[in-house]
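Here you get one chain, nothing else, as structure tokens; it is the form predicted alone.
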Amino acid sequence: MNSLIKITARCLRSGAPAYLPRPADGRAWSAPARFLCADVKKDLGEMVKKDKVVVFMKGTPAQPMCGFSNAVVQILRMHGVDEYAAYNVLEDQDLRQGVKDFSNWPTIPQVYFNGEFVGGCDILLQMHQNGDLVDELQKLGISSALLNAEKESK
């Protein structure tokens, strides 16, 4: 029981197996130990609502550390979205796993608009390609630079 309490107290786990002794026969059993406590859930909830656009990514907007994170930064840049909160999940393994558990989405980067989970790179790219991203940005009060460039060319 003490092991379970220690694991739970950490709130976030990487998903590595946890070995807990069984009191009846002294053997150990293995189970994935992913916990997201209320405090961490509340913190992540506040983080995603802090700004209109929030990105959890590998690296920073100035120096993305993976191609998918870079693609998200480039898409936002093309639309003129320069002011957004970006969290580098490589600096904090608890944040990296916690945001995956919070959104129930297994990959990084993750994009949020007004506290609502949008998706990852693939979803943002699809929204960019079909024009939905322009509409979603307008709902946030952000005028897409691509829309402005289109108006100027007419």
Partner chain sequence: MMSGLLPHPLMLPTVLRCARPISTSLALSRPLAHFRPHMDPDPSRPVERAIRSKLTNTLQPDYLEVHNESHMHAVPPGSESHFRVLVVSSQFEGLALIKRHRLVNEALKEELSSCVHALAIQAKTPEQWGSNPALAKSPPCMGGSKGDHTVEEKLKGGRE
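Residue numbers count along the first chain shown, from 1. None of these values were measured; they are calculated from a predicted model.
Keep in mind that the form predicted in complex with its partner chain is missing from the display, and what follows is about it.
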{"item": "50, 114 and 144 each touching its partner chain in the predicted bound form (heavy atom, 4.5 Å)", "value": "no"}
{"item": "Close approach of residue 65 to its partner chain in the predicted bound form, 4.5 Å, heavy atom", "value": "yes"}
{"item": "Contact test in the predicted bound form: residue 118 vs its partner chain, heavy atoms, 4.5 Å", "value": "yes"}
{"item": "Non-hydrogen atom contact residue 105 with its partner chain in the predicted bound form at 4.5 angstroms", "value": "yes"}
{"item": "Residue 123, heavy atom within 4.5 angstroms of its partner chain in the predicted bound form", "value": "yes"}
{"item": "Sequence-ordered list of residues in 82-97 near its partner chain in the predicted bound form, where near means a heavy atom within 4.5 Å", "value": "90, 93, 96, 97"}
